[in-house]
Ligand code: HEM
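Below you will find one chain, with nothing else, as structure tokens; this is the form predicted on its own, and questions on how it binds or moves follow later.
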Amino acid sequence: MISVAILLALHGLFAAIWVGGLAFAYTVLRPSVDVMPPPERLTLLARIFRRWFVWIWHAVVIIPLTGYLVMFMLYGGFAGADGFIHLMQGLGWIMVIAFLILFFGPYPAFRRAVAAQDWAGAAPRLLAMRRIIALNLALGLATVAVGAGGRFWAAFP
């Protein structure tokens, strides 16, 4: 049987990959590429998203799987889990839904527009993607804060 320590390590690593990728994309990559001409910027971003989404798909599977395994191994299930665990999973599921909206919503249209070199058509799709990424970054940071500090909330009245 796999240990709780390994499951928590995988959970944390893939959360860091997902939220760290969001932070990098929004705070470093976006401002850096905004100075590039649209054809180069949009082509580069299409390549980056294609690779990045592979990692996010892994995170979307591994984070809930490891989280629920740990919850059942340590707390005996939903009923035994502390409130911060429920808050963390709720925020996490909203992140997953936002990612699915991003991946199946504006992203395919963005990819098609870039492939067709329709820069004017790609721009509004990228804007929609940026908004979802910003939302997911805020949710991800909140989720990490809850996961890291939630168990100590009861210690501070």
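Owing to the predicted nature of the structure, the values given are computational and were not obtained by experimental measurement. Note that residue numbering begins at 1 and tracks the sequence as displayed.
The same protein has a further form, the form predicted together with ligand HEM, not shown here; the description that follows concerns it.
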Practice task
Give a yes or no on whether every one of Pro38, Phe110 and Gly121 sits within 4.5 angstroms of ligand HEM in the predicted bound form by heavy atom.
Solution key: no
Exercise for the section: Please run the contact check for Tyr26 against ligand HEM in the predicted bound form: heavy atoms, 4.5 angstroms, yes or no? Expected result: no
Handout entry: 4.5 Å heavy atom contact, Ile56 to ligand HEM in the predicted bound form
Key = no
Practice task
Examine Ala138 and determine whether its closest non-hydrogen atom to ligand HEM in the predicted bound form is within 4.5 angstroms.
Solution key: no
Problem - is_contact(Leu45, ligand HEM) in the predicted bound form, heavy atom dist at most 4.5 Å - result: no
Problem - Segment assignment from 125 to 133, 89 to 97, 112 to 120, 28 to 36: heavy atom within 4.5 Å of ligand HEM in the predicted bound form - result: 89 to 97
Completion exercise
Restricting to 53 to 70, the residues within 4.5 Å of ligand HEM in the predicted bound form through any heavy atom are Ile63, Pro64, Gly67, Tyr68, Val70
